[in-house]
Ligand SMILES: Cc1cc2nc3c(=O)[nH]c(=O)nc-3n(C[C@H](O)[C@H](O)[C@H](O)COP(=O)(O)OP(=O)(O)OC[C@H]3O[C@@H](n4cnc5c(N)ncnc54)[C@H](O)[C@@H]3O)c2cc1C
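Just one chain is shown here, as structure tokens, and it is the form predicted alone.
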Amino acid sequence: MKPAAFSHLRAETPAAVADGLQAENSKIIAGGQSLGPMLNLRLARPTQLVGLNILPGMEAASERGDTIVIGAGVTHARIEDGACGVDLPPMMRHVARSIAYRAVRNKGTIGGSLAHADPAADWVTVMTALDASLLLHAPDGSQRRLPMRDFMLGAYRTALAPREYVEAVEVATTMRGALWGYDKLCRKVGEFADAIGALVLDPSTGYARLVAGATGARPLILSGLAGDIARNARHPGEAAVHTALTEQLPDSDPVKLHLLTTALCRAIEKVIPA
């Protein structure tokens, strides 16, 4: 199918974005790797698309004090290639190379993926595990900072206000030295995940986070298990992981719980052998 007719505004300033989004049924586009198929299937029928790619700073990455600032328009491919001009946490480069296919990674952006909030996407889980914050730009020019754990509210739902957009992703520089494990289960390479497990431990700061992704909703933070792992430096075992998931996701079917348990156990094993 072909998309319904729409106009395309390539916004050069934040003010132009705000003006463009005042049009009825307008929608933001970044890389377009998620929105494009929805347009072709006519699941989305905006009258105007407002592109963010040429906004100043959207495709840049930098380091400010103890924070790595990644423009929302940085592509998965640049993260995969280590071509951001600033050292990123190794976990990010590992994850980027397993997102879809290279053609998708060449266009898809980290900010677009987070704003789309697909539960099965990699970045929503990884940024939760790394305790990232999102810098959001409001129509009046103001900015606000929101932790990733509070940004995604559910499947395809975020805390973005009307006409607000993701300007940058911020990660602590200490995450470069963190221990991490990541595992994604999918039916074939390039597909969205059926289950994701992510563990990040930073002994220098005492940070520990264990996250289950592709749950069908927002990423699930398993704080109790992460605390046990940090204190004991022991793998909690498959039974304990399954029990924790069952308590948090009581309505999930047994197959889903098994997949999530497997992904989490594999992620933990990459840091702490069973």
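Quick note: we count residues from 1 along the sequence shown, nothing fancier. All values derive from a computational prediction rather than experimental measurement.
One more form of this protein exists, namely the form predicted in complex with the named molecule; it is left out here, but the text below deals with it.
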Which of 159-167, 77-85, 200-208, 138-146 sits within 4.5 Å of the named molecule in the predicted bound form, heavy atom basis: 159-167
70, 241, 52, 212 - the one with a heavy atom within 4.5 Å of the named molecule in the predicted bound form: 52
In the predicted bound form, the residue from 227, 237, 32, 216 that sits within 4.5 Å of the named molecule by heavy atoms: 32
Residue 174, heavy atom within 4.5 angstroms of the named molecule in the predicted bound form: no
The named molecule contact at residue 222 in the predicted bound form, heavy atom, 4.5 Å: no
Non-hydrogen atom contact residue 113 with the named molecule in the predicted bound form at 4.5 angstroms: yes
Residue 194: touches the named molecule in the predicted bound form, heavy atom cutoff 4.5 angstroms: no
Residues in 100-119 close to the named molecule in the predicted bound form, defined by a heavy atom within 4.5 Å, in order: 100, 101, 104, 107, 108, 109, 111, 112, 113, 115, 116
